[in-house]
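Before any questions on binding or motion, here is one chain by itself as structure tokens, the form predicted on its own.
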């Protein structure tokens, strides 16, 4: 349940708003930098522990703001070093974050919604339904908490956790701003993953931040894609492709096509040929083939033709790589997030 309150959360104020509020309390403006350091540098929101602030100011913070951060409910570690965190969110509901160390990179997979409304047939998260949208600060706070409270190194962030980020667009943009200005990450190291919302893709193309874009395709055959992704029944694949082309042309960059290979579903030579047609110029895209992580209760299985499918794409001139699953043994892999213990 979402809390209804008139008091803002500590995390919601901008530096300028902090300075204005502090001035009204008779406090010097440099206190804003101190508060920001506690909030975004250490992910600490309890004013009583902000030791470089005067006691009177700490009391004012407690009286005027909500101070809840992320509350850890469970933490699991995979055999491959991946870690999954289940949080109670400040505004209500629970969601998951995954930290993935791999080949010198330390990637955080963040959630953008509590649950998901898309109901993709092969995805555990899609079976939950949508409970609510996360606020921008709640999205960015997942990264700040891992960096500041545990602490874990972070080099990249992917919006690939629970939820469809482009259906929570304003919060997504706020989170991108927070990650780049308050947490200090490069926009080049942020990737937004979407099942395809053309209008929002075009808006992303016009952002000043140079973020990366990944599109969850899973089938370039329209009828088959509609069977896998119910949202596709309302958004023609041609419209999404035009939006992706616009993104490429505006940014002069490639996009990534994510393709989960399902045994006997989307791994045939016909599927490979359709994928090649989809990636025809002027679309500039590389294909990331994903090994499917089975979900209990769902009928799908990992493809037995991954290498053969990749070779078909390579022979057709496509750049195609295979993403090996990380954290599958703790249900932290792609499509497995469902707030359940492994």
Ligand code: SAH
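Positions refer to the first chain, counted from 1. In this text the structure is predicted, and so the values were computed from the model without any measurement.
The discussion below concerns the form predicted together with this ligand, not included here.
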Wondering, does residue 165 line up within 4.5 Å of this ligand in the predicted complex on heavy atoms? yes
Margin query: At 4.5 Å between heavy atoms, is residue 177 in contact with this ligand in the predicted complex?
Written below: no
Q.
Even though the partner isn't displayed, in the predicted complex is residue 161 close enough to this ligand, meaning a heavy atom within 4.5 Å?
A. yes
Point to revise | 4.5 angstroms heavy atom contact with this ligand in the predicted complex for residue 291 | key: yes
In contact with this ligand in the predicted complex (heavy atoms, 4.5 Å), from 67-75, 138-146, 82-90, 121-129, is stretch 121-129
Students should find that, of 108, 114, 211, 260, the residue having a non-hydrogen atom no more than 4.5 angstroms from this ligand in the predicted complex is 260
Note: exactly one of 284, 57, 295, 44 sits with a heavy atom within 4.5 Å of this ligand in the predicted complex, namely 295
Across 207-223, the residues having a non-hydrogen atom within 4.5 Å of this ligand in the predicted complex turn out to be 216, 218
